[in-house]
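First comes one chain, alone, set out as structure tokens in the form predicted on its own.
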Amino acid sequence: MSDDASIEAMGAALRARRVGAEELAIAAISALETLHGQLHVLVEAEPERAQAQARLAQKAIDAGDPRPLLGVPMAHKDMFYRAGRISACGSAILAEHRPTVTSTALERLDGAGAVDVGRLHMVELALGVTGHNAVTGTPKNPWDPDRVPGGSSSASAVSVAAGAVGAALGSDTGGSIRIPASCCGLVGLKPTYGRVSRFGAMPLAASLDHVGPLCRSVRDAALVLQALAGHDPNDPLSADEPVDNYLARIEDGVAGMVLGVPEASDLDGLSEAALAAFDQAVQTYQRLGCGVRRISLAALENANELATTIIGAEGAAIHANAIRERPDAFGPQTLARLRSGLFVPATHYLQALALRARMLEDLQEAGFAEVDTLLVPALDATPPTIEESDVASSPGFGKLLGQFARWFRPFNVLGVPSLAMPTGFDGAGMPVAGQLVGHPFDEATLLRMARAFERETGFTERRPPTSVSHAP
């Protein structure tokens, strides 16, 4: 599989007239349908809408319009509303849900000329980290179909990693963009809280919800973020902050910059492969001219507990009526987690919200304020198999959740931007990931740091054994 499924490569092919936008859209749908038969990714393709969007994009291309997303086929997690179209959100509860609004994220991609070819599977109500879905079925990892793809943006990651589409939207309340990106060898970007509008995207916990892209490269992530970022009056928590040009300095390298890394004791629990990849990543940055500063992560010690409290309370509040009236319509794990949220005391919830700002202040004082970005691991170990991680609502789920989420949830709690990317491969050829964490609204530096590593290692250029060609 060549790297012709990247956004930049597709854009170059379209502008050089090597392929037409409508041709490309039809081919992407065919690729998704093929991939669905192998890895279970597709809820529904939308050929008529896609072809109509593609024809408009082609007219703009023919007129010399330089927008980089023109004609690029994408497909998205089935929780981004489009007026009149079903958005089931991976659930039976919302199986016939037809929103009357279109999400701002989709509108902005439409405005950038991207082509929306269909809806992709996800974890039920976005409440899960492995990718399991007892209601609609579980997508499979393209690197090893026996293994989980990560969740909750499961099929978004699988479809992009396997080359069916150029990018996909995901949501991230506790890692749901970055976990599947880590499992599938992609770049997954959770922007700063409020940087990208959540209007028209199914809410899980508004205090922690983020929207962002899953892409095959850092530059692709920058291009998609450029289209998505900016204030939206329809989202009351949208930030009215200036938007950088994310490609302006992305190739400038990292010489003279400072990378924060955790104290050795903070890395306890990593597998041999994960620890080796992390150490190699630090050495790569040093070789590129980065200074390194050790930072204690003690300030984040209670972040997972805070996230559990906030997600539980806010998620249960959203779905309380359905929990009471239609409990049998939920998968067992989803129902158990939502029900537990009904019993979160209001005092605990309010205290958890109040502690977020203090936690960021403590991390800044520990040294985060003195570095350009922080590098932390992503997953402790290789993603487990679908069978061994199918714990439903058993007591083993809590342990599994902690193993998946411990490196991701803290940065939802803090609201700072973070980016997952492959930092190596284990002995079985599975991707191993790391995570860069930036300062609020400084996605430009985060992308620049990630691009330097990507350019040096080439890890994002590797493709999984299960890949499909989008090319006509």
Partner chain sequence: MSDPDEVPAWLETWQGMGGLPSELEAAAGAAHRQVRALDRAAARLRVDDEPWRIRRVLAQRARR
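Residue numbers count along the first chain shown, from 1. What you see is a predicted model; the values in this text were computed from it and never measured.
Omitted here: the form predicted together with its partner chain. The next part is about that form.
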> in the model of the complex, does each residue in the set Leu14, Pro99 and Glu107 place a non-hydrogen atom within 4.5 angstroms of its partner chain?
Replying inline: no
>> If contact means a heavy atom within 4.5 Å, which one of 44-52, 435-443, 61-69, 418-426 is the stretch that engages its partner chain in the model of the complex?
In response: 435-443
>> Which residue, Thr382, Thr136, Thr308, Ser389, is the contact with its partner chain in the model of the complex, using a 4.5 Å heavy atom cutoff?
In response: Thr308
> Looking at Gln351, Gln280, Ser296, Gln286, which has any heavy atom no more than 4.5 Å from its partner chain in the model of the complex?
Replying inline: Gln351
>> Since only the chain is shown here, I'm wondering whether Pro242 would be in contact with its partner chain in the model of the complex (any heavy atom pair within 4.5 Å).
In response: yes
> in the model of the complex, does Ser238 have a heavy atom within 4.5 Å of its partner chain?
Replying inline: yes
> So, in the model of the complex, is Gly84 in contact with its partner chain at a 4.5 angstroms heavy atom limit?
Replying inline: no
> Does its partner chain get within 4.5 angstroms of any non-hydrogen atom of Asp144 in the model of the complex?
Replying inline: no
> Even though the chain is shown alone, can you say which residues of 337-359 have a heavy atom within 4.5 Å of its partner chain in the model of the complex?
Replying inline: Arg339, Ser340, Phe343, Val344, Pro345, His348, Leu350, Gln351, Ala352, Leu353, Ala354, Leu355, Arg356, Ala357, Arg358
